[in-house]
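Just the one chain here, laid out as structure tokens, in the form predicted alone.
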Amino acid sequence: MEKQGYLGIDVGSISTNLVMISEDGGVLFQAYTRVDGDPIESIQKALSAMRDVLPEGFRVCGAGVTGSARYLIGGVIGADVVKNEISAHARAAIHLHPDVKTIFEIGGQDSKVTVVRDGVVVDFAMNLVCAAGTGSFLDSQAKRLNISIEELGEKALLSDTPTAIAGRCTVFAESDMIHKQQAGHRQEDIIMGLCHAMVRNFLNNVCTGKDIESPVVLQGGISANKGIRRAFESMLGSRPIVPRYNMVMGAYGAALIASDAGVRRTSYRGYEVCDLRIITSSFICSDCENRCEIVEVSDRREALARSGGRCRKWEGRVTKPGPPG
């Protein structure tokens, strides 16, 4: 196995993804884990699992972080590069499929479309408001039906006549599902109808006004759902590409970006992050009228990272001796 490489981490609302790549971009290790309300602990667990797999003496040449908790986690681990999800997911998709023209990325609580032409991102859109087009929507419905999210995808494929479900809003969709159940519709038809409603919501809302062309790459946690894949194929008229590392593409892209950055001496803290005893505190920044509440994490010896400000002056690695007096 390679003795050095680049680390990529993607910490979102639902999952923590970690990828280690070799210098030529090959994946040496990957992990997809649930955040379970504690992004720092989820990173510690993922790094600990990586330590058990990679050879002793393995050297991390650079580390990149993306995701909604990127500034916080970037400060904790000592990331060399912190990038937004659009950049990270696009970098990975273009690396694996250079001819890609459209990227659909649907995560736990947001969804995105990225338009690519000749290997360059030219447009994008995000849905940050409604959960009806995200993975958490399917998760909640699977729990209501008392089946796993994996079973939900498999059952959807059994349907030949999907039930029409109102999917513009999670509240309406759930009430409509209950109504259709009481009317006697088969469970598999309701589930496939739910997949169609979610994809229709994504295409009609997030993708409105965007130039959607094939090849289309579908990635993010939702891409593992076979019912969603079939719904996209039905509505697009062509089968979307599900890349090899579809569940961890954000982390893969972050690792690739770190390898591109020309890091001479990495700031990455290494496996000591696994053993840090993290303390969380907060203070109010009084530098402007917003009075943002800033969250600070420390390891008993020093402050490691801060997060929470609207202007991002406090985001990420700590470079100042302490909060304002």
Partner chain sequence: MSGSKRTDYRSVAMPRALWYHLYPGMWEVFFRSLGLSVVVSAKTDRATVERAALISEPEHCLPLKLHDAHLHGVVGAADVVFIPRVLSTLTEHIACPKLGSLPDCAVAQFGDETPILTIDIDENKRSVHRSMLELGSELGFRRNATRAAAAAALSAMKTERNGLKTCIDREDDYFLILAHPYILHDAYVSAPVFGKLDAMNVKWLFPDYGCESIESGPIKWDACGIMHDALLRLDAGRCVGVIHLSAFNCGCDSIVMEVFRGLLWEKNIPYMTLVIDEHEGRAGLDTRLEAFVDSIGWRNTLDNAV
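Numbering follows the first chain given and starts at 1. Quick caveat, the model's predicted, so the values are computed rather than measured.
Unshown form predicted together with the partner chain; subsequent notes refer to it.
The candidate spot formed by Ile149, Lys155 and Glu233 lies out of contact with the partner chain in the model of the complex, as no residue has a heavy atom within 4.5 Å of it. Only one of Gln30, Gln44, Ser298, Ser68 lies close to the partner chain in the model of the complex, with a heavy atom inside 4.5 Å, and it is Ser68. Here is the short version: of Ile212, Met126, Ala164, Val242, the single residue with a heavy atom within 4.5 Å of the partner chain in the model of the complex is Met126. Heavy atoms within 4.5 Å of the partner chain in the model of the complex are found in one stretch of 215-223, 137-145, 68-76, 191-199, which is 68-76. Within 4.5 Å of any heavy atom of the partner chain in the model of the complex lies no heavy atom of Leu96.
Put simply, Ile86 is close to the partner chain in the model of the complex: some heavy atom of it is within 4.5 Å. Using a 4.5 angstroms threshold between heavy atoms, Val120 counts as touching the partner chain in the model of the complex. Contact check for Cys292: a heavy atom falls within 4.5 Å of the partner chain in the model of the complex.
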